[in-house]
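Okay, here we've got a single chain as structure tokens, the form predicted alone, with questions on binding and movement later.
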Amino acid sequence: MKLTIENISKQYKDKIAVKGFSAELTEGVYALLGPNGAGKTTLMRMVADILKPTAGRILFNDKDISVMGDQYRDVLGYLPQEFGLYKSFTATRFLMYFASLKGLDKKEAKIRVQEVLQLVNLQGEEKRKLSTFSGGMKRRIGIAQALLNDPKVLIVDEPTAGLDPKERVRFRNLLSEIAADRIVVLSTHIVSDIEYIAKEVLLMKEGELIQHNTLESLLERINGRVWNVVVTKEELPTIQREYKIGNIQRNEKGIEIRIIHDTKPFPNALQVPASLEDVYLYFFHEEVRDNV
């Protein structure tokens, strides 16, 4: 199974939202990481065949998705960042409605609804109205509707935005579990959401793919560029202006800071292992401000 993105671009009048993006994806979780406004949502909507590229094409198993039409939608599951709910519906009624939209017959839909409710750990909540669901439960009902047709390609855009840490861990573990025989594309700007589940990471900035690699390779890319150093309160403002700063921690030694820099910033700086958060800061220190 293969999803191929071939040099796609999307332009809105005088603004290029996505530019020359290419990647080849197989089974597993692929994390699309970048600051707000980097073009992630525009890219995801093109992969979900909601937006048409200005240039380039997207292939599923070597077939153009724009030609496949319903054949592609039959293997596609999509959870957008903003997912509307019919709050007066119960969980079962909501999922049965979406099952009918996806073309499942009533008998098949009843079985599948129970399966996805169990998969997202909402069994026992079938008769509750969605208006009573917590934020985490609403995101889980969202992923349940995306899984109704047992998709081979699952697109999830900022799925953990607004969730508490416990719900975020549960949600990303769910994505990891279901990715064994699917292509899962997860868009986020929350680094910890992908650190333990991503097969590969795609870094996107100003509409372009700037890195596509395994987490291990990305960490190796900035190996030797992360430093810890203790500074005084008086030194801190100047250092913050001149360097990319990660953590700042006050302790009995003074103010211990984490600096991402190509060379040793101070004689007393100690080299430390890099994290994915350091990778993010290294590539995205200047964040894009216009949302797309």
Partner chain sequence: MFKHECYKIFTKKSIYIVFFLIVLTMIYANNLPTDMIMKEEIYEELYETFGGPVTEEKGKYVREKMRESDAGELVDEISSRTFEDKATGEVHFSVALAHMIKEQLNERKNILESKIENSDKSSYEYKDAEKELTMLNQIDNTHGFYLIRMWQGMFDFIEPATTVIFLSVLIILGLTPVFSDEYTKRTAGLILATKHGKRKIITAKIMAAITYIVIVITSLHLVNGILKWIKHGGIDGWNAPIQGLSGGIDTISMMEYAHSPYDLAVWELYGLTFFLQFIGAVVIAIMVLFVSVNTKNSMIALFISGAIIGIPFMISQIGLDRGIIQHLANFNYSELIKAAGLFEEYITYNIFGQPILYPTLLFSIFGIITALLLYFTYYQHRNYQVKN
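Numbering follows the first chain given and starts at 1. These numbers come from a predicted model, not from an experiment. Rigid core here is just the name for the largest C-alpha set that superposes within 1.5 Å across the two forms.
Separately, the form predicted together with its partner chain exists; it is not shown, and the next lines address it.
Novice: Going by heavy atoms within 4.5 Å, which of 158-166, 117-125, 98-106, 181-189 lines up against its partner chain in the predicted bound form?
Specialist: Selected range: 98-106.
Novice: Looking at I260, V229, I239, A48 here, can you tell me which has any non-hydrogen atom within 4.5 angstroms of its partner chain in the predicted bound form?
Specialist: Exactly one residue meets the criterion: A48.
Novice: Looking at K152, R112, R73, H212 here, can you tell me which has any non-hydrogen atom within 4.5 angstroms of its partner chain in the predicted bound form?
Specialist: When its partner chain is considered in the predicted bound form, the option within 4.5 Å is R73.
Novice: In the predicted bound form, does K52 come within 4.5 Å of its partner chain, counting heavy atoms only?
Specialist: Judged by the heavy-atom cut-off of 4.5 Å, K52 is in contact with its partner chain in the predicted bound form.
Novice: Please determine whether R221 contacts its partner chain in the predicted bound form, using a 4.5 Å cut-off between heavy atoms.
Specialist: Taking the distances in the predicted bound form, the answer for R221 is no, it never comes within 4.5 Å of its partner chain.
Novice: Using a 4.5 angstroms cut-off on non-hydrogen atoms, would Y196 count as touching its partner chain in the predicted bound form?
Specialist: Y196: no, not in contact with its partner chain in the predicted bound form.
Novice: Consider G136 of the chain shown here, and say whether it contacts its partner chain in the predicted bound form, taking contact as heavy atoms within 4.5 Å.
Specialist: The answer is no: G136 has no heavy atom within 4.5 Å of its partner chain.
Novice: For a quick check, can you give me the residues of 66-88 that have a heavy atom within 4.5 Å of its partner chain in the predicted bound form?
Specialist: The stretch touches the partner through D70, R73, D74, L76, Y78, P80, E82, F83, G84, L85, Y86, S88.
Novice: Any chance the CA of A179 moves 2 angstroms or more between the shown form and the other one, core superposed?
Specialist: It does not, since the A179 C-alpha is displaced less than 2 Å between the shown form and the other one after the core fit.
Novice: Tell me whether L130 is among the residues that move between the shown form and the other one (Cα shift of 2 angstroms or more, core superposed).
Specialist: After core superposition, the displacement of the L130 C-alpha between the shown form and the other one reaches the 2 Å mark, so yes.
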